[in-house]
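Take a look at this single chain in structure tokens; it is the form predicted alone.
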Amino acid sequence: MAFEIQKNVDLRDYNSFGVSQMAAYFAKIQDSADLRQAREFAASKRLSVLVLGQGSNTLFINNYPGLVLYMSNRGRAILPGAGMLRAAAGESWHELVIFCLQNSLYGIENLALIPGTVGAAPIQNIGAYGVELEQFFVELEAFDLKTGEIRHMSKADCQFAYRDSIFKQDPGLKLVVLSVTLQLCLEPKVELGYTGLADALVGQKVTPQSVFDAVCAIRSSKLPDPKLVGNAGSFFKNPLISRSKLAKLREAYPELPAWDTKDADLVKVPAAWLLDKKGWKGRQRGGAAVHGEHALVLVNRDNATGEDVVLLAQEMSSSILQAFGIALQSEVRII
């Protein structure tokens, strides 16, 4: 397919919230040659550039006046070397997890059903049920929109943190992920540190496949399918607080869960638990609502605008700050 730049494209089908906003210019990207042409076009018109995968972590509250690049490159390959795998940025992340299981490559079963593309995975440093992408990450290939060069970036280069990476801040904002290389396990190795997952597997033979099936069942029971109900999964990050803050909160809420982090002085508490305590499940503002089964999930219930979703999120965050003295941070990119 020849490279083409379209004008005035509705982005409703390119974000999982299903919010309608217009892109002044839009192009589908198949390879680095397309990116070079897109870069030249944007420079000639002095346009900002926005990169989208499946739009599963993006909320549009305005029309986009620049050039939107939709990553549609495909390809998966098992590389020489034990457990090495490379996938193109436009591949579905969930389909890659299935591909790994089918080819006896293990470790990322806990990351099943996370919406989005392979290219978005390192940007967000995705994680779920006790596993994070960075544990299996080797390197990625990225196109630099500033220089036009292709860069090969190691784990250290990516500066991974909790749901964060260099790609969310300068100079990484100018980098477009083209492919990701992972190191998987050749022998089954399961992670059951997440309590809900361990409970779901009681009485079963624990295998990578059973872990995958359990994760899919849990996520499906809690999270609406974005193809049916517009959403972006968890809207807020689980907050990090000091151990002294936790001790003070547990004086009033002794049942407050918490998990250790890499920093001995910080613990992670579940944002969903905090929101549950304030009764947010099922509440609605405009066309946006909180999912009835999971307080972290905001949904497009009735032709919501991006503003509906943002205003609801702000009310939720304010209530948690007032009640617990904890500031919730959005996982979702707001444009």
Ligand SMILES: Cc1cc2nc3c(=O)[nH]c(=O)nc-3n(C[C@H](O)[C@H](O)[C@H](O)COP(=O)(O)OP(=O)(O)OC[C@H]3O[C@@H](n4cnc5c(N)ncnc54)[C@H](O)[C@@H]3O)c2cc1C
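Because the structure is a prediction, the values reported are computed rather than measured. All residue numbers are counted from 1 along the displayed sequence.
Not on display, but discussed next: the form predicted together with the ligand.
Heavy atoms within 4.5 Å of the ligand in the predicted complex are found in one stretch of 196-204, 248-256, 228-236, 98-106, which is 228-236.
Gln124 belongs to the set of residues with a heavy atom inside 4.5 Å of the ligand in the predicted complex.
Although the partner is absent here, Pro224 sits close enough that one of its heavy atoms falls within 4.5 Å of the ligand in the predicted complex. The ligand is not shown here, and in the predicted complex it never comes within 4.5 Å of any heavy atom of Val299. Interface residue remark: Thr305 is not counted as part of the site for the ligand in the predicted complex, having no heavy atom within 4.5 Å. Proximity to the ligand in the predicted complex, defined as a heavy atom within 4.5 Å, holds among Cys158, Leu182, Val211, Val177 only for Val177. Proximity to the ligand in the predicted complex, defined as a heavy atom within 4.5 Å, singles out one entry of Ile166, Leu85, Val138, Ala128, which is Ala128. Contacts between stretch 55-93 and the ligand, counted in the predicted complex as any heavy atom lying within 4.5 Å, involve Gly55, Ser56, Asn57, Thr58, Met71, Ala89, listed in sequence order.
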